[in-house]
Ligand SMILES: Cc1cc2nc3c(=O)[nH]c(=O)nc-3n(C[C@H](O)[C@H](O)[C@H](O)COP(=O)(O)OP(=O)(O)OC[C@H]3O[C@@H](n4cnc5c(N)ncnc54)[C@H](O)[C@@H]3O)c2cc1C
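What follows is a single chain, given as structure tokens, in the form predicted alone.
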Amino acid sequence: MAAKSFDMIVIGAGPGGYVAAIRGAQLGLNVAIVEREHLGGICLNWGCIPTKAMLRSSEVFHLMERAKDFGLKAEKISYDLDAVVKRSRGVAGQLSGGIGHLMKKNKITTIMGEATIPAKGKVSVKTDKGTEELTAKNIVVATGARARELPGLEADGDLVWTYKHALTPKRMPKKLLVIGSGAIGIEFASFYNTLGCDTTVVEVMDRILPVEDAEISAFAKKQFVKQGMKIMEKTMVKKLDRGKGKVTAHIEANGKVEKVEFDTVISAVGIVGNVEGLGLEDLGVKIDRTHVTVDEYCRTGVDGLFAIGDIAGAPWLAHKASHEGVMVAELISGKNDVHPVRPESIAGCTYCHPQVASVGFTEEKARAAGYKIKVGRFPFIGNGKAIALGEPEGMVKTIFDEKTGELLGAHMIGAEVTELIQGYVVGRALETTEEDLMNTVFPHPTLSEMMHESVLDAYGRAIHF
């Protein structure tokens, strides 16, 4: 059977791959996409989307428990874990189905199967019906990543869970240990803790949410402890002894090992790129610690072969993957005004309670980069809308270059900050200065007014604080 020929073949249909395929099709390319599991990848099926659906349930539960604060009555409040999970899976299923529709609408050939790249410009796909041979001048690898498993801490689905098990729990944990306090670990800790589970978070670094600004991490820790979580920093889980219905964790802190019993452990210790089995090394692709080495345009150094998203390195975020997908499709189609995706212009969002969001330099990184900086802060307690919402805990922090007035970074913690951060992202993209932001009229009463006040505060001009 003759090989089918395309202008572009995308391997992996997550938020990097499917977006690359759509943009390629929009630009008139004949595109094929290969996916081994499910359209939408981890993000839509097992990551960003279903976790947000579950966190929304815990958020509503938390509000129901606070009904009295709002002059309302809600008695005998409880939850149905199976129904919470069912709703989350339904949301994921709906969106995954939508991707199939988008592929058809854009006339993209979708092939379900396992891909390898036997030679430059060739893709071989093992499907249910046999092997399909494809050729294309340009191949985009968007195979994503999976949970890292540390020796001795491997998941078994019963006592020790990965994110997949934590999204489809067969029981409610009573005493939970979360290993790792990045976005994934903290979101699950937040979900289970809110539903009444006794939750402990262990972090090997000197603070939780280690990629965030130190001040934001400290604020988050205070809030989590207030909510009943136990936070252990500069701490390591050395090993897990698994028994019947219980796990004994050997937890090392300050050179001492303590044995603590839990009924459930969630391991959230980072990710590993899905680089195996594709034939990348035989083609001459450089792989560094399970991630493909690429230039700023996601080129691998092998002619016509690109890598985007999680497989191409940090930040490991769906929106970064999508923008790389657009960029690569535009390069392939011959557009000559293509902008590379700058990691420092990508916002990070964590949907715990309270939410955390940031973009650009932390205060520490700005100083380390040699900038003389001006820092502004504004607390939620000084904002009318935050108080009316019953969400007075939070802060907005902005960092400016003293010399030029450039907005170097913005960091927030509190209600809805994952939506607010985009204002600063747009500001940075437009190369805004403190003057532009000060002269912008923010609507009242909104949480966004704190963004204005934080800028004013950096220059000693805050009005309401």
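Bear in mind that the values here come from a model prediction, so they are computed numbers and not experimental data. Numbering starts at 1 and follows the sequence shown.
Omitted here: the form predicted together with the named molecule. The next part is about that form.
S.K.: Pick from F378, W161, F306, F188: which residue has any heavy atom within 4.5 angstroms of the named molecule in the predicted bound form?
M.R.: Filtering the options by heavy-atom distance leaves F188.
S.K.: Have a look at V417, A32, I399, C43 for me and say which one sits with a heavy atom within 4.5 Å of the named molecule in the predicted bound form.
M.R.: It is C43.
S.K.: Would you please decide whether S181 lies within 4.5 angstroms of the named molecule in the predicted bound form, comparing each non-hydrogen atom pair?
M.R.: No, S181 is distant from the partner.
S.K.: Report whether the minimum heavy atom distance between G144 and the named molecule in the predicted bound form is within 4.5 Å.
M.R.: Answer yes; at least one heavy atom of G144 falls within 4.5 Å of the named molecule in the predicted bound form.
S.K.: Should G196 be counted as a contact of the named molecule in the predicted bound form, where contact means heavy atoms within 4.5 Å?
M.R.: Contact check for G196: no, nothing within 4.5 Å of the named molecule in the predicted bound form.
S.K.: Find out whether any non-hydrogen atom of E65 is located within 4.5 angstroms of the named molecule in the predicted bound form, and reply yes or no.
M.R.: Contact check for E65: no, nothing within 4.5 Å of the named molecule in the predicted bound form.
S.K.: Hey, with the named molecule in the predicted bound form, do H38, W316 and Y351 all fall inside the 4.5 Å heavy atom range?
M.R.: Spot residues vs the named molecule: full contact, yes.
S.K.: Counting only non-hydrogen atoms, which stretch in 401-409, 423-431, 65-73, 49-57 is within 4.5 Å of the named molecule in the predicted bound form?
M.R.: Of the stretches listed, the one contacting the partner is 49-57.
S.K.: Looking at the named molecule in the predicted bound form, which residues in 100-138 have at least one heavy atom within 4.5 Å of it?
M.R.: G113, E114, A115, in sequence order.
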